[in-house]
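First, one chain by itself: the form predicted alone, in C-alpha cells.
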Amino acid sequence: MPALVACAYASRMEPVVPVTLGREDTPAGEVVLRRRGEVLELFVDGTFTMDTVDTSTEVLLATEALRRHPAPGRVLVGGLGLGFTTRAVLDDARVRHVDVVELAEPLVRWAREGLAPELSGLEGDRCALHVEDVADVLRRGAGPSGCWDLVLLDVDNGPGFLVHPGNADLYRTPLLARARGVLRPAGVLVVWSSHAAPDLEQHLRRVAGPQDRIEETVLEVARDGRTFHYALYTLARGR
C-alpha cells in the first residue's frame, strides 16, 4: 500500500475525539453537552440520553401529535432535549405558542446562549423556555399555566429504563390524569418511550374519558447495524 494511501486510510480509522461544549452539575445530576465530529451528544447524570445521529423519533413525537389536531394553537413540550421536537412543532404555522419545560437549567441556558446551532434560536415570539419540573407544571404548581391543545412528554426514556427514578410518576395514573386535565377539549397527549410500555398504555386507559381515544404507535429505527423499536402513546381527548 503506498505511503500516502496508508496514511489516509489510517486517519479514517482513527476514532473521533469528543469535544466537551458544556458541563455543569445540577441537583438532578451532571449535564454534559459534547460534540463528536458532526454529532451533538447529551449526557445526564453519567447516562447517554440522545444525540443527533437519528432524530426521527423526536420529530415524530411532534408530527404525530400535530396531525391529530385540526388547530393546535398552544403546545406544551416536556423535555427540551436537543430541541428537535420543539423545532418540529414550530415548523407548523398553525401553532401560535409553545411552552418548553426543562428541568436542567444549564441546558436551557446553553440554548439561549447558542452554545450549539442545533439548540439555538428556539426562544422567541412563539416559544418560551421554562426551567421547571414538568410534573410540577402538570400539578399547576409552577411554570406556565393554562390549558394546551397538545402536550408532548419526552422527559425520560420511558417507564422501564428511567435515567431518574423520580420520573416514574410521569408514567402513572395520577400525573397522567393531570396531563389529561390540562388539555383543551379535543386536545392530544403524546408520551415518548424508548420501548414498548404496555403498563403505560393501561395507565392511560384508566384516566381516559368515555369519548377519549388511546393509541400505541411503534417506531422502528435502524442504527449502528441494529434495529430499535420506540413507541408513542397517545390520548386524544374527546370534545
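All of these numbers come straight from a predicted model, not from anything done at the bench. For every residue, the number given is its place in the sequence shown, counted from 1.
Omitted here: the form predicted together with a small molecule. The next part is about that form.
The stretch that touches the small molecule in the predicted bound form, counting heavy atoms within 4.5 Å, is 131 to 139, out of 67 to 75, 131 to 139, 90 to 98, 109 to 117. In the predicted bound form, no heavy atom of Asp149 sits within 4.5 Å of the small molecule. A residue is said to contact a partner when one of its heavy atoms sits within 4.5 Å of a partner heavy atom; Thr49 meets this definition for the small molecule in the predicted bound form. Although the partner is absent here, Ala197 sits far enough away that none of its heavy atoms falls within 4.5 Å of the small molecule in the predicted bound form. Using a 4.5 angstroms threshold between heavy atoms, Pro159 stays clear of the small molecule in the predicted bound form.
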